[in-house]
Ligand SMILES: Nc1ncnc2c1ncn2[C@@H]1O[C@H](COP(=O)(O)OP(=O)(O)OP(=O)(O)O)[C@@H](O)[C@H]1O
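Below you'll find only one chain, the form predicted on its own, shown as structure tokens.
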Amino acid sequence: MLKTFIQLLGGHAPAARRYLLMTVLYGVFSGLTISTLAPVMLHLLNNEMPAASAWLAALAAGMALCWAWRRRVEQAGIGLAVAVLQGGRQHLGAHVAQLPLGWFTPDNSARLGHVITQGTMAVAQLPAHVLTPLISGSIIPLVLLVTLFALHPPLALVALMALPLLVAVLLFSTRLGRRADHRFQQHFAATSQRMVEFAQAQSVLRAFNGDGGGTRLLAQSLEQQRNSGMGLIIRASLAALLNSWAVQATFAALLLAAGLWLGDLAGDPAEGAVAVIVALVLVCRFIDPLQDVASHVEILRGAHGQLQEIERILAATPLPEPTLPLQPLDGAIDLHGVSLRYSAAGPDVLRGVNLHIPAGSMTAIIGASGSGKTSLMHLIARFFDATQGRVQIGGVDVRKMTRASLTDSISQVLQDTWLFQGSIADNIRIGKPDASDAEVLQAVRMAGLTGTLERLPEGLATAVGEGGARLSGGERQRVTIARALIRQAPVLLVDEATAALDAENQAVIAQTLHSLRGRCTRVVIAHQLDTVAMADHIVVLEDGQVVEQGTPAALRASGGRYARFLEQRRTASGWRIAAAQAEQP
């Protein structure tokens, strides 16, 4: 667990090691200070005031040292908490940014959101509020054992034998609640995601809200969380009771041993009674830190579950970076025997794909849903690495390019549009942060956004809302197109760019793609006839394989799959609602 905690801190790891050393020393100082109670009480009860005064001075000095040292430990713990909330989250974000897109399943995304919010907060509380009493509470009894051995070895032996038994009980109680805690954290993350989904999808939920359907999924998720929470509460309560009983049993065993010692006294019973009294005081001080340990073990177990989730995220393998990066010569794209599967046990979504896309050309990729079109685009952008074969841009394998170089070489219009909080201009400038106003306006014109901006009172300064909620689907898509165009990268990947646009704006985007001929390499997934027809090269995918490719004229003349695709589109575009017209007189 400490290894994951230190790994999360990244550059602050040395501070964590200093904190741990300081906490161990605090436990030692506290144990030695408490141990001075033995000679103080022995001398006081034997009326040896000068010697008692000397030991009282040592006790006071030890208390002052412990107080000052505890302040330093707490300050170090607070510093580590801040480091977790700031540097730890940044470390997680930097690591996640290197992971392949295939890692971001709904389950992983929900867990990541939970870890970034709740998980790091729970871990940040560890140094100042949990680890300090746990570590010092474990060290103090070990120091007091030495003093007990000096007073009465049999009593100290009982205490020593009780410690491993107590540790075994604490470990058992921790395992008792670990599975319940894991289930609760899973359901908590899922419920958080459902709540966000419920807030963002109100228009859909209200459209299909029949008989409470709008809240059904959220209610089911909340019920699962409630059930797992009750299970966690029951197990945690049982574990806390078991820990407390174990500590009390240890105390009872020590009291019994002290009573037997008192009954066996011979010689001077008064002097023996003094020793027993002193030993009983030390026994109480021996038990107190163990009570602290028992009460904090449950908190540590909850944080341990969060650290396991963090460890799982940090253990995900990022895409490797080249040691000797290369720069692409141009925007040509080549795929050589490329196959792709998303998991070792899963099927191949692409199989033996070979393609050559010349620099400055336009290639249209068509095929049925699930044929592998988007996966092919993601491979070119290196959202994943090919299972077999290689993908090249400008004659360079994408695995030999740095992320920065690849990002500079490729601009993308993704199928799923997403806008960030801010203005329209802010979202467009994500493609090129240092873009001038003239460049932004040019991208706006090329994306067909001019008419939209004229209708908006604030124009480019219009706030888009969370996820672009204040804009329509078509407007969001045009903003993402402008974001891609402003980058002016050598390669432009377009996935269903005109899916949410009307006929007029479809024509604008089609003309824009045509105007980029010779300026960048365009790879387009499209079903619109106008867009497909202007391509220099057409690739037809079926079940992850290239089944047909060539120029539009050659494929049309061959009468193959592309010709059938054209016929289907022409038939669909020629549909009329004739039944209603036939009924008119």
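Throughout, we count residues from 1 along the sequence that is shown. Only a predicted model underlies this, so the values are computations on that prediction, with no experimental measurement involved.
FYI, the form predicted together with the named molecule isn't displayed, but the following is about it.
Partner proximity in the predicted bound form, defined as non-hydrogen atoms within 4.5 angstroms of the named molecule, places exactly one of 395-403, 341-349, 80-88, 275-283 at the interface: 341-349. Between the named molecule and the residues Gln186, Ser361, Thr174, Ser371, the one pair within 4.5 Å by heavy atoms in the predicted bound form involves Ser371. The contact with the named molecule in the predicted bound form, taken as any heavy atom within 4.5 Å, belongs to His527 out of Arg70, His43, His527, His537. The closest heavy atom approach of Thr117 to the named molecule in the predicted bound form falls outside 4.5 Å.
Using a 4.5 angstroms threshold between heavy atoms, Gln327 stays clear of the named molecule in the predicted bound form. Although the partner is absent here, Ser375 lies within 4.5 Å of the named molecule in the predicted bound form, judged by heavy atoms. The named molecule in the predicted bound form comes within 4.5 Å of no heavy atom belonging to Thr215.
Scanning 407-426 for heavy atoms within 4.5 Å of the named molecule in the predicted bound form gives just one residue, Gln415.
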